[in-house]
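One chain follows as structure tokens, the form predicted alone.
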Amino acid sequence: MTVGMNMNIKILRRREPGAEPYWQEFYYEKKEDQSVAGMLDELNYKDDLKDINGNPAPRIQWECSCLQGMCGGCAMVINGIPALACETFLRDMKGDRLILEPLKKFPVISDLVVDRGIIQDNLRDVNAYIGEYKKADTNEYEHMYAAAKCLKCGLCLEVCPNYGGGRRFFGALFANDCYLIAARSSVLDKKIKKEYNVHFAKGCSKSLSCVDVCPAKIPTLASIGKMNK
């Protein structure tokens, strides 16, 4: 690994739900080809993790599973930009400071771990499932494959100016799921179009920030267009 200057890692921490958040900073010897996820893993590997003032610090709580941009578990705010920690590399960071915060649109469980259960709750509450399959239009195969890559990471909701907690407006990920159901379900295609109008179409201002931030590069605008036909 290419070693560079020391980095100052500033993390917004919270030890448990409802606890008062606080900032804590750490030194890290920057490795150009290291990801933010790898950096967090290295910090936590130390048995005697200490902050920049030499004070003992509890291990940093964060989520991960695949570390390959496929699970969405490591979504967080990195230098003010929502992103996946495993796909954000230190070589792309300007300067010697890295600021990490949990996603702001979801309840914080601990440190960088948030509760994204509202995403699945909403899908369950409106019965967003395919059920009995119908034969798909072969012309839709390519877009169906793209829309199905959604990680449910929540980054699209984090940047959405219309998303405010999810009880009414479900966000871009719901639009893609609605498209998939409408394209494949033989029993819920009409019902899901009604749910789409109520929980997405009426609340979307078409800022399309969701498209820019999506780690799976889902063409959500195309899903919206197909649902609006």
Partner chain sequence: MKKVLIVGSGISGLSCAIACAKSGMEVILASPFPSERSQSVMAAGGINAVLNGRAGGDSVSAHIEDTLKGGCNIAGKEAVSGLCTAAPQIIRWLEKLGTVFSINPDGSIAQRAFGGQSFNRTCYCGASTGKQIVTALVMEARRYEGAGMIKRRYWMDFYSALIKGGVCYGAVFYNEATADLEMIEADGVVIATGGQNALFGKTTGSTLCDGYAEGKLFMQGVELKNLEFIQYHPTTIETAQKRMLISEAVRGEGGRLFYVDGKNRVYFLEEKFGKKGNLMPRDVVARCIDETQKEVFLDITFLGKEEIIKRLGEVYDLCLKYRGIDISKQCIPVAPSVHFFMGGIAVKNNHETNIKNLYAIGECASIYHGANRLGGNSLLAAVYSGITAAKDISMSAGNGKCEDFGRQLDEERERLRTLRQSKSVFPVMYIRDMLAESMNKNLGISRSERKISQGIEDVTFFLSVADKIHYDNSEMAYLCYSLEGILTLAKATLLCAGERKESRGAHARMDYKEKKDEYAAATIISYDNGAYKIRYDRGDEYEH
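Positions refer to the first chain, counted from 1. Bear in mind that the values here come from a model prediction, so they are computed numbers and not experimental data.
This next part talks about the form predicted in complex with the partner chain, which is not shown.
Find out whether any non-hydrogen atom of residue 90 is located within 4.5 angstroms of the partner chain in the predicted complex, and reply yes or no.
Residue 90: no contact with the partner chain in the predicted complex.
So, residue 27 and the partner chain: in the predicted complex, are they within 4.5 Å at any heavy atom pair?
Residue 27 lies outside the contact set for the partner chain.
Going by a heavy atom distance of 4.5 Å, is residue 203 a contact of the partner chain in the predicted complex?
Contact with the partner chain, no.
At the 4.5 Å heavy atom threshold, is residue 58 in contact with the partner chain in the predicted complex?
Judged by the heavy-atom cut-off of 4.5 Å, residue 58 is in contact with the partner chain in the predicted complex.
Using heavy atoms only and a 4.5 Å cut-off, decide whether all three of 83, 104 and 222 touch the partner chain in the predicted complex.
No.
If you look in the predicted complex, which residues in 119 to 145 sit within 4.5 Å of the partner chain (heavy atoms)?
Read in sequence order, the residues that approach the partner chain (within 4.5 Å, in the predicted complex) are 120, 123, 124, 127, 128, 129, 130, 131, 133, 135, 138, 141, 144, 145.
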